[in-house]
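Shown next as structure tokens: one chain only, the form predicted alone.
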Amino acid sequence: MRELYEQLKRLFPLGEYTEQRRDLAFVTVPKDHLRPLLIHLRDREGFTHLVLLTAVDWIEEGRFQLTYLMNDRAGKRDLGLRVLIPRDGAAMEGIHDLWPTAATYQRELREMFGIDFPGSPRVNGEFILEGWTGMPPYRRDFDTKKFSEENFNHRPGRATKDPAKHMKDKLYPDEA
């Protein structure tokens, strides 16, 4: 995979390279170079399958990381492309015209993280969270505890226990 990275680096302004295994590597790509790189990988390097498109919320850095995982079935290798975008007003060009399955991933990322993919089919329609109007729930600043307390009834009899003490009491009741 290192050879592929070096070859691609002569054609595109690539960033950090991380090799996870002999057949799996990740490369950081500037936002504006993602589409040309994806087309090159698909048409010239055999990466014909989009395995997934996902996001990570780097709230401390004020950005999202989009990861496009590509697969070359014939070469039995996977390449992840990392793209960093600002968290505020997060938007990325869609790739649904390159891989139709990307439209589903883009809809999910729009709904769960609030990342926009302008022009992507049905990207603004309800997908998973029917009737949801609040902050996207996969953002790290979404307060799950507050949401739960505001939307679900408290069930009496439930108590939070220290796991270590609870297991010790269960396993060694005579020592309690």
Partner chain sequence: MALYEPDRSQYPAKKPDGTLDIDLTSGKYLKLWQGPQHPGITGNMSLELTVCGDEVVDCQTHVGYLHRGFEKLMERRTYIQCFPIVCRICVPEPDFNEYCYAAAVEELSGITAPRRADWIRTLILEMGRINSYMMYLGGQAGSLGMGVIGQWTTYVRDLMLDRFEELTGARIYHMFILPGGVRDGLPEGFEKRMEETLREIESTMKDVHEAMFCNAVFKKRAVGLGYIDPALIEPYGVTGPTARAAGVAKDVRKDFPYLVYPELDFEPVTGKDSDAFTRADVRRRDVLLSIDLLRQILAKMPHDGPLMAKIPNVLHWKVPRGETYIRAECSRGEYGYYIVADGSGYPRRVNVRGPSYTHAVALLERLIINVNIADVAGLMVSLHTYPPEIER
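Numbering follows the first chain given and starts at 1. Here the structure is a predicted model, which means the values were calculated and not measured.
Not pictured, yet referred to below: the form predicted together with the partner chain.
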* is_contact(P86, the partner chain) in the model of the complex, heavy atom dist at most 4.5 Å -> no
* Asked: Do R21 and the partner chain come within 4.5 Å of each other in the model of the complex, heavy atoms counted?
  -> yes
* Taking 4.5 angstroms as the cut-off for heavy atoms, does R44 touch the partner chain in the model of the complex? -> no
* Asked: Is P36 one of the residues lying within 4.5 Å of the partner chain in the model of the complex, judged by heavy atom distances?
  -> no
* To do: Using the arrangement in the model of the complex, list in sequence order the residues of 21-53 with any heavy atom within 4.5 angstroms of the partner chain.
  => R21, D23, L24, F26, R42, T48, H49, L50, V51, L52
